[in-house]
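Just one chain follows, in the form predicted on its own, and it is written as structure tokens.
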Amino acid sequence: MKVFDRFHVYLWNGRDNNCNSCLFAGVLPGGKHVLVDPGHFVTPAMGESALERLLAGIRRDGLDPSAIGLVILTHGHPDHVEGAVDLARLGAKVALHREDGELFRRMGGEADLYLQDGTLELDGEFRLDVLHSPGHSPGHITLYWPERKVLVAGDCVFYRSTGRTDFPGGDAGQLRRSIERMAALDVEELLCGHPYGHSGFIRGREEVRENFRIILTYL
């Protein structure tokens, strides 16, 4: 769904586990798009066509999936990256943090660009701030669009909860520090990595602040 100009959110509503996705429309040269976390190609337990559902949603928004020029992965777990392998075969470039590059390679993918803390300059004046946010995985990143106060949190933050730290490379102390850093940002639109107990799209500054407050109280 289109949230506002240049920002589209695709919330997973299937029965099996899969991630939420988003798309920044027309922010690359030639009017191409940036897609974040395409999720599974097909979900592992129930065989739901996750990537095709995502691409169908993009088409419903009047956008051409073949114009996806860059896929950004918040981290390297299969439920976020599997679809990127297929999109790369269709010509999209893939970017993630170097520390999760091996996870992506195990899925059959290869990064074209490694991201780190700093500003990612795209077409014209459009930029995204990249925050290295380890804890759920060593190379987890989050994306902040300061112009519209959008935070794409991946699996660091969910509705009233956080991502797991018991996977290889997880670290609870790092995750808390990453969340504290995110909580200090001015955020009005928070996209979480999964629809656990909620759609995972938290809207409004006060709602976002309350979500961070609850998480940090019990983390």
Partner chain sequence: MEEEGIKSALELAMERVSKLPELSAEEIAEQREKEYRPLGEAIGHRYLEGILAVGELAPEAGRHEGDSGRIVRRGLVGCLSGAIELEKPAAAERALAGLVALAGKGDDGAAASDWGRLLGEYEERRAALAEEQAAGARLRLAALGISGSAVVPVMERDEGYRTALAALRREFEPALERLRSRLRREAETAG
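Here the structure is a predicted model, which is why all the values come from computation and not from measurement. Positions refer to the first chain, counted from 1.
Separately, the form predicted in complex with its partner chain exists; it is not shown, and the next lines address it.
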(message) Among the candidate stretches 73 to 81, 116 to 124, 145 to 153, 132 to 140, which one is within 4.5 Å of its partner chain in the predicted bound form when only heavy atoms are counted?
(response) 116 to 124
(request) Taking 4.5 Å between heavy atoms as the contact cutoff, choose which of Gly62, Gly173, Pro29, Gly47 touches its partner chain in the predicted bound form. (result) Pro29
(message) Can you tell me whether Arg98 touches its partner chain? I mean in the predicted bound form, with a 4.5 angstroms heavy atom cut-off.
(response) yes
(message) So, Asp112 and its partner chain: in the predicted bound form, are they within 4.5 Å at any heavy atom pair?
(response) yes
